[in-house]
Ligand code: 5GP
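Let's start with one chain on its own, the form predicted alone, as structure tokens.
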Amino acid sequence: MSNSTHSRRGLMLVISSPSGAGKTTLSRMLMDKYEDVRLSVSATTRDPRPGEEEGVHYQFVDHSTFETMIEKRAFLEWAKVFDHFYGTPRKAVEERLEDGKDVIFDVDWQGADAIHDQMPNDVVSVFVLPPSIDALQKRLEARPGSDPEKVERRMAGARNEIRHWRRYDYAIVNEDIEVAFKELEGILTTERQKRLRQLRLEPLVQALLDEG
């Protein structure tokens, strides 16, 4: 790390929330404002959907390639969802961090734990809470294409996600999206200044001591 030409090491910003609490909107707002903050691109074995681009939305690979990547420990975390595999490639993330840029991860609590276990010094985790269960349900009901069955399933999943909120470094209550964004932005700014991420400090302090 000390050989980097960048003034700081990037960080891994893990953002989790129950469906409908606002993590996707907050992530987009952060990326719109900061050019050096980008969403992690996962690898998957499923086929591309209309409008999805290779390397932008996902890295599309076959099952054999994915299994080889698992064997080579090429993922920070991976999971099988129904018939398809999804995983976070390690190399691209590490290169981005070394380049002084930040990576957002939109994962659940299990993915957050897995990523933290792999690179604990680089991870900053944030859990986004709704102001109330009623507010969350109304947001889910207002989504295009929602129906009572989908809402009920997501509400059940939401309660399970919320139970794990203490695992995170920070928690934000998203009652007002602009206020929540300011809080998230404040977390990013503070974490960027952490001593371990300020790569210029070690040589600077050594130079100060040598001058003395």
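Sequential numbering from 1, following the sequence displayed. None of the values given here were measured: they were computed from a predicted structure.
Below, we refer to the form predicted in complex with the named molecule, which is not included among the displayed structures.
Among heavy atoms of residue 94, none comes within 4.5 Å of the named molecule in the predicted bound form. Taking the partner from elsewhere, residue 58 is found to have a heavy atom lying within 4.5 Å of the named molecule in the predicted bound form. The named molecule is not drawn, but in the predicted bound form it has a heavy atom within 4.5 Å of residue 81. The named molecule is not shown here, but in the predicted bound form it comes within 4.5 Å of a heavy atom of residue 77. The stretch in contact with the named molecule in the predicted bound form, judged by heavy atoms within 4.5 Å, is 46-54, chosen from 140-148, 160-168, 30-38, 46-54.
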